[in-house]
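First, one chain by itself: the form predicted on its own, in structure tokens.
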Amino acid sequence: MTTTAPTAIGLPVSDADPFSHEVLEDPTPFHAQLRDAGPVVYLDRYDVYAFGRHEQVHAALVDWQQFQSAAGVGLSNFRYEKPWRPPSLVLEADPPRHDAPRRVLTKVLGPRALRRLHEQWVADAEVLVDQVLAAGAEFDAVPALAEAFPLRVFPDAVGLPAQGRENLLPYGDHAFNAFGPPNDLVARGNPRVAELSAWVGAQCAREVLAPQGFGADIWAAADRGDITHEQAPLVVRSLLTAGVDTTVHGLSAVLYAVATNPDQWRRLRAQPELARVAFDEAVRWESPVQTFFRTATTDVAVAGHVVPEGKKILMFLASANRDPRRWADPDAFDLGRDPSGHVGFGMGIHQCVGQHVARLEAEALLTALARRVATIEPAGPTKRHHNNTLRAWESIPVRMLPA
């Protein structure tokens, strides 16, 4: 990364490409350079203003009035460009348009629903772990656990039919790639966009969804007038877009973390009540969602610099989550840390509405593993899956010895 500081405005300028395969493979060095360069850095390759420090990222996330989501949370600016699909009513909308869909989802995914699911998901996790361990001590944790468990429980909770669920991950992968520039990763997904979008759209229809589940609850909210019937399928779609891939990569992160930090696995086994702390610490440490964009609604002063009206801001959530100005020993995975305050789920009114669902999935899976597995260790080289927005894994070979 090459930075210069024009004397006219004193703003650091970088020619780095945060969406290059080199950075996607290992973003940590770039994030450190970005934080060191200053609180605001202009990325001239994409004409965007980058925030890499926790203070500025957090402030931008909570200030929806000056940093809007409605112009798109990707590089594409909806003020001038037509989005590839109808914008999300939750992620890509601001008040007042954002309010009713958000209220509905908050209620649908609230404590009552999660209490209802808890017992079943715990049982499902125990069955899955028993099946995996019965097949042998060495396996790939990504398909066997991190993908298998969310794809087992979350579509059931939404009320999706069994057929076609294999489309969820490639659809989500393309949706998160599309937040970045139109590079080779986007081109790779383009041939299936129409097919996958049509499938996801069809699953959001009332008649396709089970009579009980998150999807049916969203349609019931439309019947009550909480949202319109035109909004209902888009709200269901927001669950299918953001509810699987992010959880898969969060589970992959925590499994990798405990496999490479055996002392922390021993601590988790001794204190299984730390399962949710372990998941949140893994989300801070790995940040499955690496970046999101906002758009300045006016000239905004940030740390002595001005972000001009209409310009895109690229918030590096992962960089903020390892900012030594906010965290002690930020590169360590540590169950003794209080990870609250991380921005891995966002902040403010656009904070991930399904984060408690993801935490429940993680708690169920980690608790089942802690009861049954004495040691977890790497069993071969890992492999990353590159995505413009997500910090993703393709393969994490592990060896698990039963307790």
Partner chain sequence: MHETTERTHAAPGGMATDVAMLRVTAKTRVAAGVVTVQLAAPDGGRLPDWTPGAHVDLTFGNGLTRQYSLCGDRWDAGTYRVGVLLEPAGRGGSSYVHEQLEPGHLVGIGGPRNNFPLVPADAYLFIAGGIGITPLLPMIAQAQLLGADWRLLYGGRQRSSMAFLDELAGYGERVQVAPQDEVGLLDLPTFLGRPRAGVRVYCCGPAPLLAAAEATCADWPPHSLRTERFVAAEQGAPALSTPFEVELRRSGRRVTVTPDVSVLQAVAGAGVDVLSSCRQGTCGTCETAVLDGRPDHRDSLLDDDERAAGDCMYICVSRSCTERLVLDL
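Just so we're clear, the structure is a prediction, and the values are computed from it rather than from any experiment. Residue numbers count along the first chain shown, from 1.
Separately, the form predicted together with its partner chain exists; it is not shown, and the next lines address it.
- Screening 191, 308, 96, 211 for any heavy atom within 4.5 Å of its partner chain in the predicted bound form leaves a single hit, 96.
- A heavy atom within 4.5 Å of its partner chain in the predicted bound form is found for one listed residue only; from 367, 375, 33, 355, this is 355.
- Its partner chain is not drawn, but in the predicted bound form it has no heavy atom within 4.5 Å of residue 136.
- In the predicted bound form, no heavy atom of residue 29 sits within 4.5 Å of its partner chain.
- Although the partner is absent from this view, residue 106 contacts its partner chain in the predicted bound form, with a non-hydrogen atom inside 4.5 angstroms.
- Although the partner is absent from this view, residue 347 contacts its partner chain in the predicted bound form, with a non-hydrogen atom inside 4.5 angstroms.
- Partner contact region in the predicted bound form: 222-230, out of 147-155, 79-87, 308-316, 222-230, criterion any non-hydrogen atom within 4.5 Å of its partner chain.
- Along 267-304, residues 273, 276, 277, 280 each place a heavy atom within 4.5 Å of its partner chain in the predicted bound form.
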